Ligand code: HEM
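Consider the single chain below, provided in structure tokens and representing the form predicted alone.
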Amino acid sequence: MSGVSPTETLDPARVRELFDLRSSYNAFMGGGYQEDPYPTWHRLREEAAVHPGVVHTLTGYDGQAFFAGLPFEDRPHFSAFSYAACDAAYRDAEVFASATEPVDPNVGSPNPLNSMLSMGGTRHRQYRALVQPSFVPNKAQWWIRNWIEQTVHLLIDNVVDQGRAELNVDFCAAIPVLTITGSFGVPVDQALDIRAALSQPDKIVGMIKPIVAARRESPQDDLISILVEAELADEHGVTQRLTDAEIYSFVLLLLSAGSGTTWKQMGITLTALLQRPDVLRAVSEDRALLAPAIEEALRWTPTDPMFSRYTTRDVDFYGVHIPEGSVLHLCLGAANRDPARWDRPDDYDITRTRRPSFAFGGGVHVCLGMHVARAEMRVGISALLDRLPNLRLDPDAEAPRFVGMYERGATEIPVVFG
């Protein structure tokens, strides 16, 4: 069995230190934003599908906010707010590219942006095809069995006898990191060291390097082994194994893309349910309702409500002329509540007819790990309902609320149970 051993324990104090909630809302992502952006996004979408400008400025937030694309201050910026406009941009990756120029993981230092996240065309398809089989829905049980279930119960063990907990940090925060690092073959104590070094790619590479070397010698049932055995064909059809640099960039991409987002999305889902005791009760009594509850939370309040694309040529797009080289910001949060696609879009309604949303992006770059994220949320929330009877918000504590601009999430989620 890979991943977390049932005999291992997590130090709750270190978990709280490493997953400090306030510092997790990055100031450069608009972490200081405290308002509800959706009324403004509704107004903007009603006025026009696409506006000149960037999302946070158009929303009225004048605080610090920095996102992929915004460093290009000399370029024209536009923002799309309707579902149809975001969908059209995602479907046309040739005009609306995911990066300003091609990347090569073997050139420069390994980092999340120097990976398939910023690739396009054939190169992106080749890299994605190597790892896609490990992230398809029917592979979810591999993740659940080896890493997710054990991690979830390890965290619940820390609070089950206390009668109360703060679930955003004490529970949601560590699950994605421990799942991902577990799939790398990293033990729990070192996994927390990796969390502490998230802003230091070189340090993380130093921790992963001996694992990659060991898996090249003796593969195991984990993700690093899959990567070291994968073969990539070049333009001449010659196949070769991934280089260490390519593996390191992929590792860093998974850590950066999966750890904070799934943490916050699970917190959003839990908050939505806890704020609606009748819905929480229905889900607890019928676990078949948990999947639609998660999907509705993903639509209703996605943790990443904006992504950016780069125009490769002049284009007239939904009544706006966008010059070549411009940045188009896709406000997925607004698109996910477009009344042209959903009735009563501001309502959190787990019984609504399910339609695909942009919670995990769209097009060829739709989130690789979305099925793993869904599995983490499903297993995690179900385990809470199993092991913490009569789970409810703490009436004596401040109620959770949603904050952040380009990275939305809940504040503390204080609960009592038993």
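So that there is no doubt, residue numbering starts at 1 and follows the sequence shown. Predicted model, so just to flag it, every value in this text is computed and none were measured.
What follows is about the form predicted together with the ligand, which we do not show.
For the ligand in the model of the complex, the listed stretch (194-202, 100-108, 161-169, 123-131) containing residues with heavy atoms inside 4.5 Å is 123-131. Although the partner is absent from the chain shown here, none of W142, A230 and E246 has a heavy atom within 4.5 Å of the ligand in the model of the complex. Contact between S284 and the ligand in the model of the complex is not found at the 4.5 Å heavy atom cutoff. Taking non-hydrogen atoms only, Y38 never approaches the ligand to within 4.5 angstroms in the model of the complex. For L253, a non-hydrogen atom is located within 4.5 Å of the ligand in the model of the complex, even though that partner is not displayed. Among residues of the shown chain, L117 is one whose heavy atoms approach the ligand to within 4.5 Å in the model of the complex. Of the candidates A27, A48, C367, A383, C367 is the one whose heavy atoms come within 4.5 Å of the ligand in the model of the complex; the others do not. Proximity to the ligand in the model of the complex, defined as a heavy atom within 4.5 Å, singles out one entry of F317, F78, Y348, F307, which is F307. Contacts with the ligand in the model of the complex, taken as any heavy atom within 4.5 Å, map within 253-270 to L253, L254, A257, G258, T261, T262, Q265.
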